[in-house]
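The chain below stands alone and is given in structure tokens; this is the form predicted alone.
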Amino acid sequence: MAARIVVLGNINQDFVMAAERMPQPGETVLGSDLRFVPGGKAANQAVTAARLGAQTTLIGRVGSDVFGPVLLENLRREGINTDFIEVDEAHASGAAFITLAPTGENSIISVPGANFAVTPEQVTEAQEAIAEADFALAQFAVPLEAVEQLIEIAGSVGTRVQIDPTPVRDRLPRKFSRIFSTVPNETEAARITGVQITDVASAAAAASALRDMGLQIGVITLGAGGCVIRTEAGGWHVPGYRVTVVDTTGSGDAFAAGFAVALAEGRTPAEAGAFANACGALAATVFGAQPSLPHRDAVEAFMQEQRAPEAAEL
């Protein structure tokens, strides 16, 4: 049976450009290769889940501007249930302005727009879909009150919640300790736990700190270094895959969705980490957010071909 995933969060129009470096204050730097790409962390995670074969529902908001209908149609083409995406007459669609360095690393300025108008009531309308889901995913690019409502509803019906805690806010949502798993990167994990991450050992300490907060699974993503996972049963460093990086935009979202889908399908945390690493690695090899998100057959073929080292117990 296919995994069932509900995603709450932001839907963006991305404006992606290349530049040799970011400008200094008061300086103009010439960019190139401007492209318009559908994005937003929640939309990216929903698209990844759908491409991996999950039955996927997205809860969010777009503007009534020129971008909103295009973003919605793109999601529907992916087979995503958009019944709980509202069109906002008062706010523009969310946008992200992404600058790519020659290395493929990105710098992002995000403008929330309609995403910050998502309400707890809107989440409540999706209660039945949340109850039927194996996992509910959320990020912090919508009001925390909406995330808190998702945690509350999911907790009441036994649906596992996974939080991708980005952008890091001035507080964590209430009942954060009730979520099942979280998948921050090194910077996000350091801000949440206070553990500065410089290597696998310190990443493991941060993952343990997340467990101490009440979570069932603490995951720290390490980019090309793979990920570190802590559960009640133990800990693992799951090595990453070596790829030629084109654009890292969307890689973290591909990882988050891949990890949840794999757990929903019954894989162990270490197996889910390897699957998610492959999803994130493949996303880094293609330009743009949603265009880069991998399909199931590509992930499985990549894992067969590359065969990353086995997970190491910590």
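The numbering used is simple: start at 1 and walk along the sequence shown. Please read these numbers as outputs of a predicted model, since none were measured by experiment.
There is another form of this protein, the form predicted in complex with a small molecule, and it is not shown here; the text below is about that form.
Considering the small molecule in the model of the complex, which of N81, T231, N185, S110 comes within 4.5 Å of it through any heavy atom? None of the other options qualify; the answer is S110.
Which one, A126, V243, I98, A209, lies within 4.5 Å of the small molecule in the model of the complex by heavy atoms? The option sitting close enough to the partner is I98.
Based on heavy atom distances of 4.5 Å or less, which listed stretch (247 to 255, 269 to 277, 53 to 61, 66 to 74) is in contact with the small molecule in the model of the complex? So the stretch in question is 247 to 255.
When the small molecule is placed as it is in the model of the complex, are N10, K41 and A289 each within 4.5 Å of it, taking any non-hydrogen atom of the residue? Yes, all three are in contact.
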